[in-house]
Structures are given as structure tokens and as C-alpha cells.
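This document opens with one chain alone, in C-alpha cells, the form predicted alone.
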Amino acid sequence: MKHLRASLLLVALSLVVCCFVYPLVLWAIGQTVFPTRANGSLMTVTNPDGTERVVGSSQIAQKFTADEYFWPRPSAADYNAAAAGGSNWGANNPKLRDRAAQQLGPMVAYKKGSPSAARTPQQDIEAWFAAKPDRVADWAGEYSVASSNWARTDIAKDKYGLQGEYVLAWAKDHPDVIEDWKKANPTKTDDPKPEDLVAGFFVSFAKAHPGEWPAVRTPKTGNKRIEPATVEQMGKDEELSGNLGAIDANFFDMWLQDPDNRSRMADLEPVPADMVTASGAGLDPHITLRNALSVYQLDRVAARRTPPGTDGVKVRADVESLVRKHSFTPLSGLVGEPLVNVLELNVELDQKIPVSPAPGAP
């Protein structure tokens, strides 16, 4: 009985120390010594009415996409803190190359003063795409990863998105697509999925709509969607919002690999690696100073924040000054290259160099 009482007392004491005293001491130290970090490193801004609102944590990347903001690193977790994780793709994995190419195509630029600088890479990609009527069929055959990803866009719990459903609907109306797949896969008994049919789909699509692209069209008034999104054929001269960017993204690598375009490679402005590669957790809140000061970030942000009729050179210098103010090197300069916290920088940008309202806006 004596030993049992001693054991129970030891258990009770351990519970009190480990479950109450120890956490309470840690909480008290955290709230006293570094309260901001202990509460999630939350950042707040002041509203026009004087109230404050939380805009995020300085330790978690956010999905900035507007031109007036610096963009974070890509995220394999789509910036979802509950699903933190890297892609774990190696340098020789075609999925990594495809993801990088998808990001490079719409934004890559020629160096100022280079022989190609009279046009943009995007104009060259779009003209090259339209020059061959069955370019989409070649792309689907050579870039199986990219075309499969196209068919799987917006897939969730085995429910395919608009593009996957379009492939299935096309195959239903063009039975030869499914028949060709069955001939190529005689041992498979399951119904083909959109990614299985995508190569045959693009061959069939190119025959029916030479020189065109199956574009996602979302009718809008301002920022408001007025009809459900649809997939339609888009030729080189059509203006369906956002879909020229899809051609730039999907065909950039293929355009670059074409021997006729290889000479333009030296004219392309180098892109910092952390602009097109995700971090290990997919939530890294920092980008390199080299990234922030590149033409792909600094020039874009400064141009968007320059009011009409004002000195763009001064605004660019002011933005650059803020970037350098927020730069730091880890471990007091002992490790790595200078970094910039994207959220902290963007918050101060809005405070110090706000975006001017569009002409005629209330």
C-alpha cells in the first residue's frame, strides 16, 4: 500500500509539472520575452476608421499575385499552412521543368538593348504557335507531363475540372479518340481518364480547329463573373481574357527548344531561381534580395505604383530603398545570401507608396 501511494503521488506530481507548470512557464516566458512570435508573428494594418485588422503572419508566405506587390516563391502547397510540404521533385524530373516553364512563359523578358528587344518573348511565342496549324498536337505528343497537367487542372477528389470534362465531352463526340487509345492500350479494362485521352484529344482538336487553342473563357463585368466559365476555340487574333497567357505558359519550353529560336536564348533576361522553385515547406515567407531587385519584381511593382504623369525613376528608387531596408542576411550575415520578407515589404509599400486610383475611379 505504501508503494502504491508513492507511485500515485509521483504520477500526480508529474502530471502537474508536465501538463500545467511547465507549459505555464513557457507561455509566460513567451508572452514576456517575445510576445509577437509567441502569438504567431501576426501583422496588422490600420483601417480608415482607426480599427486594426490582421493581414497575415510574417512567418507564412501569402499568395500575392497583383502587379503592385512583390510575389513570393511558388508554393507546392498553394500557400496552405495546413498542408505545408514541398514537391520533392529532383532537378531531372520533367514535372519540375514543366512547372518552371509554366511560370516563366508569361513573365520572361528580353534584355534591354538586345537584338530581340523590339518585341516581347510572349509576342514571339504566340506568333510561333500560330505559324503551324497542328502545334497543339506536337505539344501534346512531346510534352506529356504538361498536357496531362492541363487535363487535370482543378481536379478535386477525382472530380475533373472544366478542361478535363471538355476532353471527355470531346471524346464522346469523336469516338475515334477513345478507339485509338484502346488500340494503344489493349490490356486496360478501365474507362480512360482525361489525362489518358489528352494526346489523342489534341490531335483531333488540331484537325478540327487548326492553329487554335482550347481556351477557358470566363465572361466578366469588371471583376464579377456574369456567366459560367466555358472552353472555346481561340485563334491568334482573338482576345479571350487570360488565355494568351496560357499559350505563353504551355508553349514557352517548346518554343525555346525549337532550333529556329535558340538564338534568342542569350537575349532573355535571367530569372532568379527562387522565382520559379518552391521551398521545402511551400510556405517560405522570404525571397532573395536578388529576386526582389530583378526586373521581374522591382520594375513591375514600381511601374504599377507610379502615378500617371509623375517621375517613374524616383518611384523606382523609393521602392528599391524600401526593399533594401527590409533585407537581411540569416545568422547576422554568417549564412546564405540576403533575404526579404515579402509580407512585411508589401505592407510597408502600401503605407509609404500606395497605388494611385485609376482615372475616373471614385
Partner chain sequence: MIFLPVFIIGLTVALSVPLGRYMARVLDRDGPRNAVERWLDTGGQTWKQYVYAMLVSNVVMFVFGFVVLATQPWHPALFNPDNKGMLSPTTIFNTATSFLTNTNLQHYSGEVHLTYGSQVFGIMYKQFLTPAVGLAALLAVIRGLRGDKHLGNYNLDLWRGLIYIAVPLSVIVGVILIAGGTPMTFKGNVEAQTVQVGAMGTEAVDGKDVPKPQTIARGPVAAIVAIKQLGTNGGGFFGPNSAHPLENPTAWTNVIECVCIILIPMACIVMFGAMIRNMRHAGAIFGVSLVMLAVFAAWGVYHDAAKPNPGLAGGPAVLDAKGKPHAVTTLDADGKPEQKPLPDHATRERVALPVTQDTGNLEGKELRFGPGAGPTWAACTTVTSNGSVNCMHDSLNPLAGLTPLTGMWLNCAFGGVGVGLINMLIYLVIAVFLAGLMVGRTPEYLGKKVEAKEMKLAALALLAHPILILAPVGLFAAAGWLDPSTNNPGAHGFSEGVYEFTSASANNGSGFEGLGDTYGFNDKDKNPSAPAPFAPHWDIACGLVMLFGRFIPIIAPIAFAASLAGKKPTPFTSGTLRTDTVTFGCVLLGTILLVGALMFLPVAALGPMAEHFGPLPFGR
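Nothing here was measured: the structure is a model prediction, and the numbers come from that model. Numbering follows the first chain given and starts at 1.
Only in words, not in the display: the form predicted together with its partner chain, which the text now covers.
A residue is said to contact a partner when one of its heavy atoms sits within 4.5 Å of a partner heavy atom; residue 337 meets this definition for its partner chain in the model of the complex. Contact between residue 285 and its partner chain in the model of the complex is found at the 4.5 Å heavy atom cutoff.
Its partner chain is not drawn, but in the model of the complex it has a heavy atom within 4.5 Å of residue 53. For residue 156, no non-hydrogen atom is located within 4.5 Å of its partner chain in the model of the complex, even though that partner is not displayed. This chain appears without its partner; in the model of the complex, the one residue of 152, 97, 217, 209 with a heavy atom within 4.5 Å of its partner chain is 97. Screening 197, 137, 125, 104 for any heavy atom within 4.5 Å of its partner chain in the model of the complex leaves a single hit, 104. The chain is drawn here without its partner chain; in the model of the complex, the stretch among 114-122, 80-88, 129-137, 199-207 whose residues come within 4.5 Å of it by any heavy atom is 80-88.
Although its partner chain is not shown here, in the model of the complex the stretch 112-145 places heavy atoms of 142, 143 within 4.5 Å of it, in sequence order.
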